[in-house]
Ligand SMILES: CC(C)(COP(=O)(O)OP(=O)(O)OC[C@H]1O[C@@H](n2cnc3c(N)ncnc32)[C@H](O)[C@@H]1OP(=O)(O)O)[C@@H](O)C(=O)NCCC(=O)NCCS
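Let's start with one chain on its own, the form predicted alone, as structure tokens.
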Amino acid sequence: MSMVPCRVVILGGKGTAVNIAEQIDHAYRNYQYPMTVEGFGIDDPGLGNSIAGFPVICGLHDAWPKYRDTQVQFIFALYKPDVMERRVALLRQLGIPTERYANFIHPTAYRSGSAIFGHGNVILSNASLQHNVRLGNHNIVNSNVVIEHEATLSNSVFIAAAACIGARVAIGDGSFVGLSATVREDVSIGAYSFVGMASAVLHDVAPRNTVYGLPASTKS
């Protein structure tokens, strides 16, 4: 007996939100992954009635009232590196219960059986999450990311494509790790921090700090 697919509304409609929609569709069509895209929830009228072939079906604040009494679930995908704290605040304002957010793990990604997830996490194609990795809620791990053993992502962390997170790294709420960045093992990255692309983080990063370079540091 086939499983009824979970229907998801993606809150967002640009950049990574579109990537997520297309990867969900790819997973459903090619791997029979039990999830389909209901459409986008976004407030930008300039995007029109559809994006990349998926309908725009509601505004952000309309999503929960419209789908409260249905089986539809949600994915939040509105992160931007320069406004992470505001976007996390927006996520909370939407009033959608945490348990109504779906996890999506693309079939080509590897997730250790010992990894533990909360709700609303997205793991895109060819990512690799090793032994005892811990994810809270609403994290986005992009394609080709490696997260090594016993690393922890708190909530609303965005890891851009091809980044490498070392063993036992702890990344705080609302942090953004850029394209192809590397974080050394046993490093802590404080909440709402930004790591620039292709940077090598060798030491702890204080909350609300920006670091970049080889090795990564705060530049004046």
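Counting begins at 1, following the sequence as shown. All figures in this text were calculated on a predicted structure; none of them were measured in a lab.
Missing here is the form predicted in complex with the named molecule; even so, the following discussion is about that form.
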Although the partner isn't part of this model, could you tell me whether residue 179 comes within 4.5 Å of the named molecule in the predicted bound form, counting any heavy atom of the residue? yes
Residue contact check: residue 197 to the named molecule in the predicted bound form, 4.5 Å heavy atom: yes
Indicate whether the named molecule has at least one heavy atom within 4.5 Å of a heavy atom of residue 160 in the predicted bound form. yes
Answer for residue 213 alone: is it within 4.5 Å of the named molecule in the predicted bound form, judged on heavy atom distances? yes
Counting only non-hydrogen atoms, the one stretch of 38 to 46, 188 to 196, 163 to 171, 65 to 73 within 4.5 angstroms of the named molecule in the predicted bound form is 188 to 196
